[in-house]
Structure formats: C-alpha cells, structure tokens
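Shown here is one chain on its own, the form predicted on its own, set out as structure tokens.
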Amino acid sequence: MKRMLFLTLALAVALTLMPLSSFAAPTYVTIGTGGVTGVYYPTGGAIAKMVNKKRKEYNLRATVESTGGSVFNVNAIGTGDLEFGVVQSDRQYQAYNGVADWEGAPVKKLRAVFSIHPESVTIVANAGKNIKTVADLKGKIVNIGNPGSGQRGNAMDLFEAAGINVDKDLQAEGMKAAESASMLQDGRIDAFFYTVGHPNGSVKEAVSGATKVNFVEVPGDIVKKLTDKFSYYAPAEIPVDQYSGVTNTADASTFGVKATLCTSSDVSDAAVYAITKEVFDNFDEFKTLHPAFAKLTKESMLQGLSAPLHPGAIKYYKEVGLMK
C-alpha cells in the first residue's frame, strides 16, 4: 500500500513539473500564399518547414494553403480563416487604412510580422505584337489579373498614371497569373501582368515557348508619378539574365512593392514569436531557399510595413537588438 501511495505521489509531482506543451493540444496555424507557380507559395512553405522542425518545442504546427493572393489573404486573416498570409506591401497599407478594396472597411486586426522579398510589376508580352512600353498596350488583349490579386491593383494604378482607360483603351482579362503563360503562348492574350519576385516559374514558362516574348518597359516619368503618389512603390528592374529566351537585351525598368508576412491581432504572441524567431535565427538558411531571397538583410525585413507590428514579433526584434 505504501509503495502504491509513493508511486501515485511521484506521478503527481512529475506531471506538475512537466511542461504544459508536453500534454497540451498543439496549436495549428495556416499560412495563406498565392498560386503554386509564384514565389508566395514556396515562401510560405519555407517558413512552415522551419517552424515544424521545432514543432515539439513550440507545440506548433504550420501548414500552407495556395490562395488567390494578397486580397484573399488579408480578408481571410480578418475573418480568422487564416492565421498568417503573404501580402503585398501596398495591399497591407490599403487594408489597414481602409482604402481601395477596403474603402470604408479597414481591417484593423491586421498586423505585420516582417517583409520578405521585393516584387516587380512584370509585364510579359508577345514579341510579335510590338509592345515595347506601357503605351503600346492600347488596343491589345491584356490579362491584368484576377479580382483580389495584387497585380490587378498595380495594373490599375499604372494605367491611371499612364493615362490609359482600362475599359476603353484595351481588352482586359481577369484570369489568375498561373494561367497567363499558356494563354500568351497560345495567342489568346497579347500580354499579362504579374507582380512577383524573380526568377519566377510562370514567367520562365512564358519565355520558354515557341512564341517569342519580351518584358514591357515602364518609363521613368511614369514610375516617378507612382512613387511620388504611393509611398509603398519603388523603382525596380526585371533581370533578363534569369530568363533565357526573352528578347530584351537589357534589364527592363518597372516599379515594385515588397512581399510581407501578415497576421491578426487575435493570433497569440507565442505563435508569432516562434515563426519570427525561426526565420531570423536561421536567416542564412532561409536566404538559400529561393533566389528571390538572395539580397535580403535582416534590417530590410523590417521595412515596408504599414500595419502595426504584432507584439510577438516585437518581442523577438527587441531581444536581438533589431528594435529598441
């Protein structure tokens, strides 16, 4: 009887001393990304992979979902259908401040975690259609992106700055970027927009077919109009050396934004801290996971954020001296 009592007491003490994570139900989080051919999807996968290596330590499981892109991810974060999402920096600004697609309905729960890679507004055209610059898009069939995608918003901003009426001056299509390459090669469209980090699989598909293609230039004066009006835009270039087969002989001038990781104020500090810590503590490894990450610095990953930082991210940044 004494032996049984001793074992019972020993078990009670062990359970008391055992970390809560040893028996608590794991926390599951989903990271919304974009199309599988873009950079968002492998970015989300890279983050999830890092976190899941420490799943026992954090009692956290991360999964990745292919989505319609920035607007979908913001809205899903706002409703609690996603815990995290990759979002263009311009869409982050618009959603939190209640403009553009969120006119009068700001997503005040939106929180920033960190910036990732730069994204160029990339216009790919059938070289036989003689579309060298933005003005040449007039009269053409152009896929500006599906409703809710970042590239669609960027295209509309560009058309306004260039004095192009999207309803009258061209035939605009609204398909997902992943469909664009095959449609361009089949002659069903003349050009398409894709706001993306480079190199990109869908763009590679577009330049590798029988139909010759080129990148369309955005003139410097139009880029300046956009960067003067919108703080989240910056000049950018599309690197032609990463796309054998494209007819451009020099990098194409354009403008761009940043991809950012966002979350909700409802997501726990612990979950956000864990994701932030794993990416930054394994920064050199993270940079090798996609060519678009090659020029990242830890400091640059705190730039381009217009929604408030989540407290879980702030905790980590202060611990390592990236914030005071």
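Numbering starts at 1 and runs along the sequence shown. Keep in mind the model is a prediction, meaning the values are calculated, not measured.
Although not depicted, the form predicted in complex with a small molecule is the subject of the following passage.
Here the chain stands by itself, but in the model of the complex one stretch of 56-64, 35-43, 293-301, 275-283, 35-43, has heavy atoms within 4.5 Å of the small molecule. For F114, no non-hydrogen atom is located within 4.5 Å of the small molecule in the model of the complex, even though that partner is not displayed. The shortest heavy atom separation between V213 and the small molecule in the model of the complex exceeds 4.5 Å. The small molecule is not shown here, but in the model of the complex it comes within 4.5 Å of a heavy atom of G150. The closest heavy atom approach of Q88 to the small molecule in the model of the complex falls within 4.5 Å. This chain appears without its partner; in the model of the complex, the one residue of T254, T195, S180, Q94 with a heavy atom within 4.5 Å of the small molecule is T195.
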